[in-house]
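Here we start with a single chain on its own, the form predicted alone, put down as structure tokens.
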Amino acid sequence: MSIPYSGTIRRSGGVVSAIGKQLRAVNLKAAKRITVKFDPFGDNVVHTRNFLHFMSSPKIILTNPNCVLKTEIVCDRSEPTVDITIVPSIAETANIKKVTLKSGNLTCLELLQLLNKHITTLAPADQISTTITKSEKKGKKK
């Protein structure tokens, strides 16, 4: 008598691959400004600093070159926060002007998941532009 297999066939890629997956999904077209505020001497700032590092990478910045990434370093033992200001045209339709993530007890992966859930979904869809070549034009005329 055999025991039926109950479990996954493969192991998951882990936290690093999950962060990579979330980073590939980030789209900042709905964001006007991202302000990351933290106290470097605080207890739970490592994940917020890692999130800031990921947001400052060139591939993420290219999703919206007009988005301003600002860092505020304070020395008042306050909780680390990520403030995201929404583009005014999208803010009118979504009735949201600003999103604040209190990142004191969140991991970097959770911050990226929240960013994708609340900001990337507001981004306008990319329009696919089609170009017609000369040979296609000639084919249509005949």
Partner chain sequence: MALTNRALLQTSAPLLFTRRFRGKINVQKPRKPHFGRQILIDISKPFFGPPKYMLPEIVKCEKAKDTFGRKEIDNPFERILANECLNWFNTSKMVIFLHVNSISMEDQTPIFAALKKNDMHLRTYGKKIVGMATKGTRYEAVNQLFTSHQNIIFGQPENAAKMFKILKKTPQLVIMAGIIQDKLLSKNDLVEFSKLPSLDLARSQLCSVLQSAGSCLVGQLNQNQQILVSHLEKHISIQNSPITEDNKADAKVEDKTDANVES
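Residue numbers count along the first chain shown, from 1. The structure presented is a predicted model; accordingly, all values stated were derived computationally and were not measured.
We do not show the form predicted together with the partner chain, though everything after this point is about it.
When the partner chain is considered in the predicted bound form, Asn50 lines it closely, a heavy atom lying within 4.5 Å.
Using a 4.5 angstroms threshold between heavy atoms, Ser57 counts as touching the partner chain in the predicted bound form. Looking at Leu62, you'd find every heavy atom of it more than 4.5 angstroms from the partner chain in the predicted bound form. Heavy atoms of Ile73 reach within 4.5 Å of the partner chain in the predicted bound form, making it an interface residue. Residues within 4.5 angstroms of the partner chain in the predicted bound form, judged by any non-hydrogen atom, belong to 65 to 73 and to none of the other stretches in 65 to 73, 113 to 121, 86 to 94, 99 to 107.
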